[in-house]
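Given next, in structure tokens, is a single chain: the form predicted alone.
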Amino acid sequence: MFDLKGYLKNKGSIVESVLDTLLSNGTSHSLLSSMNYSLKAGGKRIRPILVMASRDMLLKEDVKDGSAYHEVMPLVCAMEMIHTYSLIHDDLPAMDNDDLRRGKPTNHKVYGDAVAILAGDALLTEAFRVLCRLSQHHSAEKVIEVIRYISKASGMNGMVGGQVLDIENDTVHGVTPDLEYLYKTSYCKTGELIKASVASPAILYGNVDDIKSLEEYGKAIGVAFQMVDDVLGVTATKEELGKSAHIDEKNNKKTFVDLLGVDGTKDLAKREVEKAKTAVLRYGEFAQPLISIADYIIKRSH
């Protein structure tokens, strides 16, 4: 039986060891401190682990030693940097106005709004500088395509666009979201970056069919991830989540739970996870980490 707990621990420790040395100097001590505060705050590290799992599946390797990932490590780090920037900004008073993230005070509560905003800006910008290091191991054509792909996933037609849809989902803006609206919001806000994490390695190591399969997987688990977040937002405690509970209710936002109920949302998330698993079945035993991660998404408690 595949040991997902051991797998996540092994891959997570590889990510942590690299992040510990990633940002070590800068012109402003407070900016560097703020960036590292959120980047090293722990978390599930799902996006960088997906990069490694996808790479291993495509190359048909079972890797335990972190040194094997040197060719893809810039991508591993960049995905976590972009994700961390989004969390810093998401917690700001102008966004979700949250004071807890990963069990710790949110960035702006420690460093103030201005430095938190700039820390997020810097993490996003540095992520693309880090991505350029892929050129040491891969062709310029492939590296440019990866950068283009991740830029789209992160920008106005991806994560940022999804954040705006999420902001407009409240009584102030007068939006009454239906299921299609929530799907679009979730796919852009959460799914795009998850999809980019799992599909980008196919640009480096695979072909068009690999990219398509991994896009289907990433889109499905990305939407399922948000559905489970909606469920946990109303069923888990602040201590379990490591962040404030009932935040969507507080901000007058409609979620999948509002439309479908807890059980209905769970059932829909399970269907999305089955889609994801089906998309990678053709890779056989080397798809097991991705299949197990998909199952983990709907069973997680935080």
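Bear in mind that the values here come from a model prediction, so they are computed numbers and not experimental data. Start at 1 and count along the sequence shown; that's the residue number.
If you look for the form predicted in complex with a further copy of the same chain, you will not find it shown, but the lines that follow are about it.
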May I ask you to check whether N169 falls inside a 4.5 Å heavy atom distance of a further copy of the same chain in the predicted complex?
no
With a cut-off of 4.5 Å between heavy atoms, is C77 one of the residues that contacts a further copy of the same chain in the predicted complex?
no
Check A140 for me: does it contact a further copy of the same chain in the predicted complex (non-hydrogen atoms, 4.5 angstroms)?
yes
Given that the partner is absent here, does T27 sit within 4.5 Å of a further copy of the same chain in the predicted complex, heavy atoms only?
yes
The one option of V63, A41, L58, L31 with any heavy atom within 4.5 Å of a further copy of the same chain in the predicted complex is L31
Among I211, L100, V175, A122, which has at least one heavy atom within 4.5 Å of a further copy of the same chain in the predicted complex?
A122
Contact check in the predicted complex: L23, Y85 and V160 versus a further copy of the same chain, with a cutoff of 4.5 Å between any heavy atoms. Do all three pass?
yes
Heavy atoms within 4.5 Å of a further copy of the same chain in the predicted complex: which of the stretches 218-226, 90-98, 67-75, 197-205 has them?
90-98
Who in 141-156 is close to a further copy of the same chain in the predicted complex, meaning a heavy atom within 4.5 Å?
E141, V143, I144, I147, R148, S151, K152, S154, G155, M156
